[in-house]
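Each of the two blocks below gives one form of the same protein chain as structure tokens; they are labelled structure 1 and structure 2.
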Structure 1
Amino acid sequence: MPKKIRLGILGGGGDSLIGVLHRVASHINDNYQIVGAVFNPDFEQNMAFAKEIDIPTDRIYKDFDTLIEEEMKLPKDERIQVCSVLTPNFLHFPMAKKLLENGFHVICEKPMTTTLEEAKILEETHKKAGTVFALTHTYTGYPMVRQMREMIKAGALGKIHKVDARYYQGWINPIIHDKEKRSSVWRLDPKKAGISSCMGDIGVHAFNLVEYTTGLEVKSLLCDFNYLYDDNQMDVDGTVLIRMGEHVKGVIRGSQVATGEENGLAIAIYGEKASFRWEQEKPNFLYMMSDTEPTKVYKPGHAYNSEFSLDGTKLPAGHPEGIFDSMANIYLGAARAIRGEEQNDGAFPTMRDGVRGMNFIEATVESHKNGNTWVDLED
């Protein structure tokens, strides 16, 4: 393994949860070293946080533009190689764009942009840049998710004819039911949070999981949102009918008002020969069902798994790995790509996933606004 990759961090300071997740994930496989950052728009807090986690402060910059400017002055073999973009959603696009334009690799939180239009511009920018762009749809890093993908690719389910995904949370309940709160939080303000809350924040993960595991693309969708209150402007719940091909249908269910649900992402994929069921909160258990045989419970770390799945497991079977490890697998994929190493297809979500995701979000909003009509996704 060559030298650690020089990593810059944008956002994720203070007690940011996404910050911890990315930082830990970058460490797990001994691939990255944080060399520069703008953890926080407030420089004092920025520096304080760098000290708190004991990162050298000489390359802690006062803002993103300064980071670019100063890093570009450094010789290539000292310069930050890749930046993790963990800033508020509306900053993903301009930051990722500028990074790519300046030859940096990018690891970007989702949603990739705030509109499909931006996503396509970014896609163009990326094509020209030729650097690595990884989108952190974290859940694709789980060994059992990868096992689904590989087995489906190998034909284990036969032709798929039905997909059922859900992402249920309940955390927005105390906000949405409080008139005061629901009219003041940024999460429910379209000007700040973008066009969709439930679909933009979590529905898109379920959508990505559907496409990632099945290898199929959603062709069209019909969506119905629930706003819960007349004075609420953002979807906090919704159900999406999807069509993925001739007689291949499914449903994506999202909710932020599913009381008591924590982080309830789950998927069921039904094929002609067999099926899969998987739940994010029990990530190390993958159920394969058929009409004629006992249900099989796949678990990580066993020799019966695919190489790609095993690549993402660091410990023997029975030693539970969790979401840090899933994200770490995406960072590992990005590292190999940055180093130009060959690796398994699907090692990290790409620009294509980002464009698809924005297309999905916009289509759900359009469908709902049109009175629950079918909306085609772009090819």
Structure 2
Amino acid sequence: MPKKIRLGILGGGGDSLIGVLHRVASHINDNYQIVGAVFNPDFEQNMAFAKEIDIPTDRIYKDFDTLIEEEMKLPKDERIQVCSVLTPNFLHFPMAKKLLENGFHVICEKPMTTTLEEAKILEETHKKAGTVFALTHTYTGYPMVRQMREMIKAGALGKIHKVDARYYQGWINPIIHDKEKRSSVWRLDPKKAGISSCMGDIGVHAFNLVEYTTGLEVKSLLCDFNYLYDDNQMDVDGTVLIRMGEHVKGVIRGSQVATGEENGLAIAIYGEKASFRWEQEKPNFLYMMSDTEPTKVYKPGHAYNSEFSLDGTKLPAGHPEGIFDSMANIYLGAARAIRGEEQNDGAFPTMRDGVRGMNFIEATVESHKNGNTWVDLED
């Protein structure tokens, strides 16, 4: 077993769901050891949390700049090798940029930045740095998503006709109808979240899943948002028509006010020979449908699956795996890249996915503001 990769964590303290998800995922395949962190901007809370989860406190720093400064003083074989950026959106760009400039590998939450311009700057920084950058579009790590990708690549659907992706949640519903509450949530604050809430937070996952599974890129889109209240500056619901080619069309639907919905990410891809359907809340089932045969159900852990799917499956068939395992597969891909090992080109979302995501988010906002017009995405 290779020596564990030294991991630093930025953000994700307290009861943060993202924090738990990343910490557990980093441990699942025994590739990482957390050696330093800034979990919280309040230093006392930061230290208390480190003690709570039993992380040595000698490298728990008061702020991000201090972490960089002190880690760079250490010998290369002792300092943090890769940092996970789990902070609110507006901090992703400055933190990732400084980490790359100082030779660190980066694992970053999405959206990668708050603007497309920042994403392009970060892309150039990354090219100069030559280090690994992984963007945690978590759902690309599910074995059945990877199975779908490999089968589409092999021609299982033939020519693709239509794509239908949705991501429905209801968590903002209790907040959005209270003026005081909606004014105090960072995801509804453009200074912290960026220009979009719904599409920036969850719609971009659906967009990424469309491009990841089909191997096609969205060429243009038309978007219609719902803000619900005039004083709310951020979209909480939206529908996006997409064109992926002259005869390849689709729709991406996102909502944070879909009452009663939990984490309803789903995708259906329709081709000339067959179609696939997958739902995140039932991740072990990949449905393949056709006009001439009964519906087939693919499940993880079976020998009939692709090598890529099986590589991301940790348990025997019939043992449910979930979002921790999915994120763990992205961490596994990043670990292999850091060590210079060969692997599938879909092992983890890259800087390219981050730039594409920001292009999508800005295009949806532009389309809506222009009166629901078609907007081209950059190549």
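Take the two forms, superpose them, and find the largest set of C-alpha atoms that agree within 1.5 Å; that set is the rigid core. Every residue number counts along structure 1's sequence, beginning with 1. If you're wondering where the values come from, they're calculated on a predicted model, not measured in any experiment.
Both panels show the same chain in isolation, but it is structure 2 that comes from the form predicted alone. Put the two forms on the same core and the Cα of P190 is off by 2 Å or more between structures 1 and 2. After superposition on the rigid core, the Cα of D231 moves by 2 Å or more between structures 1 and 2.
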